[in-house]
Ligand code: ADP
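Form predicted on its own, single chain, as structure tokens, below.
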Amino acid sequence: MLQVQHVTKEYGKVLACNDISFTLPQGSVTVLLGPNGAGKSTLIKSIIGFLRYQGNITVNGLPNKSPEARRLVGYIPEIPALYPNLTVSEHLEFLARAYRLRNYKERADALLDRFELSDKKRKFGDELSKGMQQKLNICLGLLPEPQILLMDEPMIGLDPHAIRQVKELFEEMRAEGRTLLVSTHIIDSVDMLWDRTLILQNGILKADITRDALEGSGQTLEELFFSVTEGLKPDQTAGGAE
């Protein structure tokens, strides 16, 4: 379980996250939506422990920056941070050594097969296209089999096959009892199995709603997003505009 309590993050005079609180139960997929600059990446970087902030974040009751919690949380950043002098295989080996993973090679090979990178094992990081770099970025985030996975704009740069694989992984991880938090500003990219939606705007959590509650309201996710961020009624959104 991931618990975020009263998290606030300031960059000088800019309030990037303003008193944000929510809880994500085990075995759930949560979509974090918001316009560009809403504070999504700042929130995720706070959860993973990259930033200083005010408030409290715990993973299964453990402080998020503790070594025990860090081993439970995985992170797939928006921009791949690859080493130009390491091959695809060496990136996976480097991560496996960092996490002290044993018998990881079979899983690494399966991930490379799934994302069509098996024939790129000897390619260096800077030799890969942007799409291939993103695929490797995802493989690296999945290799340690984290209990909680944070993904920041995971679909950007991916081809249709890779997008399908990512969405299938969401469902598989959810079925395994893992927790996912997927950040995006592209609503169309999250037409998948999700349980909860968080909507940020100007650093403020404007909506926290389950899928069942949204469906019960008769709104689509797009309609909810625009009603929250732009104050539009359902018939004024892109899907209902005349």
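Treat the numbers as computed from the prediction; the structure is a model and nothing was measured. Note that residue numbering follows the sequence shown and begins at 1.
Heads up, the form predicted together with the named molecule isn't pictured, but that's what we're talking about next.
- Query: Which single stretch, out of 58 to 66, 173 to 181, 30 to 38, 213 to 221, brings residue heavy atoms within 4.5 Å of the named molecule in the predicted complex?
  - Reply: That would be 30 to 38.
- Contact flag, residue 24 vs the named molecule in the predicted complex, heavy atom cut 4.5 Å: Judged by the heavy-atom cut-off of 4.5 Å, residue 24 is well away from the named molecule in the predicted complex.
- Query: Just to confirm, residue 197 within 4.5 Å of the named molecule in the predicted complex by heavy atoms?
  - Reply: No, residue 197 is distant from the partner.
- Task: Check whether residue 20 has any heavy atom within 4.5 Å of a heavy atom of the named molecule in the predicted complex, and answer yes or no.
- Result: Although the named molecule is absent here, residue 20 would stay clear of it in the predicted complex, with no heavy atoms inside 4.5 Å.
- Classify residue 42 as contacting or not contacting the named molecule in the predicted complex by the rule of any non-hydrogen atom within 4.5 angstroms, answering yes or no. Residue 42: yes, in contact with the named molecule in the predicted complex.
- Query: Within 6 to 21, which residues come within 4.5 Å of the named molecule in the predicted complex, counting heavy atoms only?
  - Reply: Result: 11, 14, 16.
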